[in-house]
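This document opens with one chain alone, in structure tokens, the form predicted on its own.
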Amino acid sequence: MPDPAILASHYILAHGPDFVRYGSKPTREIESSPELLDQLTAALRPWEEVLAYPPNQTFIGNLTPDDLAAIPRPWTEHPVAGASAQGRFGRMIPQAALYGLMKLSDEFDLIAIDAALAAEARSALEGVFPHRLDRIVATPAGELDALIAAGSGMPLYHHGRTAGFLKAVHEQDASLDAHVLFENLACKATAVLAVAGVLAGRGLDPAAVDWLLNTGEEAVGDRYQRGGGSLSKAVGEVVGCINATGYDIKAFCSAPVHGLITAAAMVAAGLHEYVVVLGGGSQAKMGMKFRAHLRNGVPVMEDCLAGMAFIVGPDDGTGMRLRLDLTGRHPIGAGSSAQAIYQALVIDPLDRAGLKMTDIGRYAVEMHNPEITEPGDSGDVPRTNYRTLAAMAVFRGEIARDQMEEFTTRHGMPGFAPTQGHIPAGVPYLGHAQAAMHRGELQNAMIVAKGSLFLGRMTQLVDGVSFVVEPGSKTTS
């Protein structure tokens, strides 16, 4: 049977400043304190700042993590000169394009937009996603005004003005509430662009995809089966994966790594040739820390929806082999301390292979951008995790205590991903890892994801999975 490999990775960022007000936290806070809406709006960043922000340029591949580490913080004060929306393995799009993607992905005519937004959306998507543009049509002004006046749904804003409306489907079904449908469509739209991008970048015909695994955080369903799915097939329908089927993997923040291991196992077993693992953005988490950002006088930085997609197939030498014999998992009885989690996810698989912690070139952990998390007193999440790994290396006698900082710098990296749960879970580094391996600069990397199962109030357990990637069998520098 073939060795499985991650053949390509693709990442997208969709700027959505007018989506922030509908994040779960802003919606609740503004309802009780309406004056917060003006404060939030005043603190939102324009497109030009978001485009030039160094972590965003790192996310889509125009900067490496080492480039980012060399830029002084705060990164908000060091914009990238000549920043491009097109990256080595991804792209950024403005809000109009995001609305256009949602409209062309809308199979039930849920979204109504005005003529100005429709025209801007079509223009923004030309050359980016030049398919189904005929579906981006305006609702007649009188009809749109009537929808807004009736109020059965939610108004949509663009550059601060009312530019559309999302219709309610069933007022007695919370799973089909307008806000939930908005979240689901935003997740679908960002995943559509990511999947289309990864296929185009690889030169793979969408019809060649056998299976789709969606790992996003949305819950598509109705009151009888909340979260039933399948956004995987919904995305594949738009992109043209006519020969594929699939399902959704729900595992909180760990889902993408679960999905990539599952995809690799499918390929290794000869069950499928090409499997796409995908995940759209979490609109509910936009503006999650906006109060902390306002208190600290920084911009409201959770203003982008992310999307990502990965092609897993047989190792042909161009991608990265995913070592199924070096996967880590967090068993039920492992314990939930940081040391216990990393023992299960990092140490145990390395011990099985007779490897030291220092034998791994780079560890990609929870890659949260610290400039988003630190104002909310959540600290620098990646650095905290790397310090824990360094301490474990000291305990194992692999490095001296005074080498902890060197270990953190050499084997870690700064966080550069939006804080949307599954998005930062190690996998934003895969594109960078593949590029570094092709340059001959990296021999392996370990991707580590952790998940908070206790959030569902069904268990106190945490979750976690990991895997190691290394150069494909024919990869050369």
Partner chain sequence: MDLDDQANVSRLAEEKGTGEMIVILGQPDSNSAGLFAETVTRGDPTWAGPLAGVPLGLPVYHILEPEIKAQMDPALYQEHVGLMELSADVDDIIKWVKFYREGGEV
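Numbering follows the first chain given and starts at 1. Keep in mind that this is a model prediction, so the values were computed, not measured.
One more form of this protein should be noted, the form predicted together with its partner chain, which is absent from this view; the next part is about it.
For the options 204, 176, 148, 338, the one in contact with its partner chain in the model of the complex, meaning a heavy atom within 4.5 Å, is 338.
A heavy atom within 4.5 Å of its partner chain in the model of the complex is found for one listed residue only; from 138, 391, 168, 294, this is 391. With the partner omitted here, the stretch from 84-92, 231-239, 253-261, 371-379 that lies within 4.5 Å of its partner chain by heavy atoms in the model of the complex is 371-379. Contact check for residue 131: every heavy atom lies farther than 4.5 Å from its partner chain in the model of the complex.
In the model of the complex, at least one heavy atom of residue 404 sits within 4.5 Å of its partner chain. Its partner chain in the model of the complex comes within 4.5 Å of no heavy atom belonging to residue 362. The closest heavy atom approach of residue 329 to its partner chain in the model of the complex falls outside 4.5 Å.
For the stretch 448-469, the set of residues having any non-hydrogen atom within 4.5 angstroms of its partner chain in the model of the complex comprises only 457.
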